[in-house]
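Read the single chain below, which is given as structure tokens and is the form predicted on its own.
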């Protein structure tokens, strides 16, 4: 068991989960959790959905204040880590220096800032402060333009349409959520958003932003009072890179989620890890992956010697009355087969089931997670049993 002290950089869901799991697994050493935002750690997924509607910050808190005292977790909000001294096992922060026996990087990701003139006029939706600012603007007869047709942009667009706001979504790719779902599912959600009243434009990137709205490469100009930038994210690796850790599309970790330094682990959105199913190195922007990573690291540091990390990825997105759920992880070239109006199977080149996409079908989603988590190869015939 790690004797500590253990320091966790990043107080998102993964950072807090590893602290809680360490205590649950019996770690009794010094434990410090560092976050750069004010207030207690909170959930991010509701920011683009429920919080846009109810504005209740209390519902976002992951744990009450008493939890940190009771679990003897030293929580440092509004604190940034500025450097890692790997030789001496020490980090520099805006609140002073801290020694570590093991360091866990849970630094997450930041919004991608594409090189578009006028980008300083846009709003973000990544933090609670971002969400509060956006809620203030999402009133009256304001016209919104959303740059990006991924999960975050579309979740906001659905809420804004419910508010009665005029919404236009500009997606550079030829279809919605192209990195995450099949063409069939993209088409289903395109119809949903257009039925909600949103204007959705595809395959025409934004070329500039001005006081009147956004201009597209194809020459179209769209009038907008407010503009939300939701064009993807990039992993926060500056700290790890400066410390000399291996990084490539995130902080590179092995199957035990260890970085190139055995005294440093990484988890969640910032970690690029080997996928046991595909054999590829992947990085997941998923609360569930961050939570699973955290539990795995806590088990290892408390002497459980877990098997290589192999938790099944799964994702969800709520857009209006559609709950999209994805069990498994498909590659872009995987074959997509729509087997029901709201169910799409994905198969790799060897006809093995890699993922199942569902809308408002929790039963098939949960059955898929159970089936794929078993690790057995699932062919088309067995996959169809999921519908029975």
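Note that this is a predicted model, so its numbers are computed, not measured. Numbering follows the first chain given and starts at 1.
Beyond the structure shown, there is the form predicted in complex with a small molecule, which is absent from this document and is the topic of what follows.
Please tell me which of 34, 327, 344, 353 lies within 4.5 Å of the small molecule in the predicted bound form, judged by heavy atoms.
None of the others qualify; the residue that does is 34.
Can you pick out, from 256, 79, 310, 184, the residue that has a heavy atom within 4.5 Å of the small molecule in the predicted bound form?
If I apply the 4.5 Å criterion carefully, the residue I get is 79.
Go through 115-123, 246-254, 100-108, 295-303 and give me the stretch that gets within 4.5 Å of the small molecule in the predicted bound form, heavy atoms only.
It is 100-108 that comes within 4.5 Å of the partner.
Does any part of residue 165 reach within 4.5 Å of the small molecule in the predicted bound form? Heavy atoms only, please.
Answer no; every heavy atom of residue 165 is more than 4.5 Å from the small molecule in the predicted bound form.
Given that the small molecule is not shown alongside this chain, does residue 236 nevertheless sit within 4.5 Å of it in the predicted bound form, heavy atom to heavy atom?
Residue 236: yes, in contact with the small molecule in the predicted bound form.
Does residue 287 make contact with the small molecule in the predicted bound form, using a 4.5 Å heavy atom cut-off?
Contact check for residue 287: yes, within 4.5 Å of the small molecule in the predicted bound form.
How about residue 20: is it within 4.5 Å of the small molecule in the predicted bound form, going by heavy atoms?
Outside the cut-off, so no.
Tell me whether 47, 152 and 268, taken together, all sit within 4.5 Å of the small molecule in the predicted bound form, counting heavy atoms only.
Spot residues vs the small molecule: full contact, yes.
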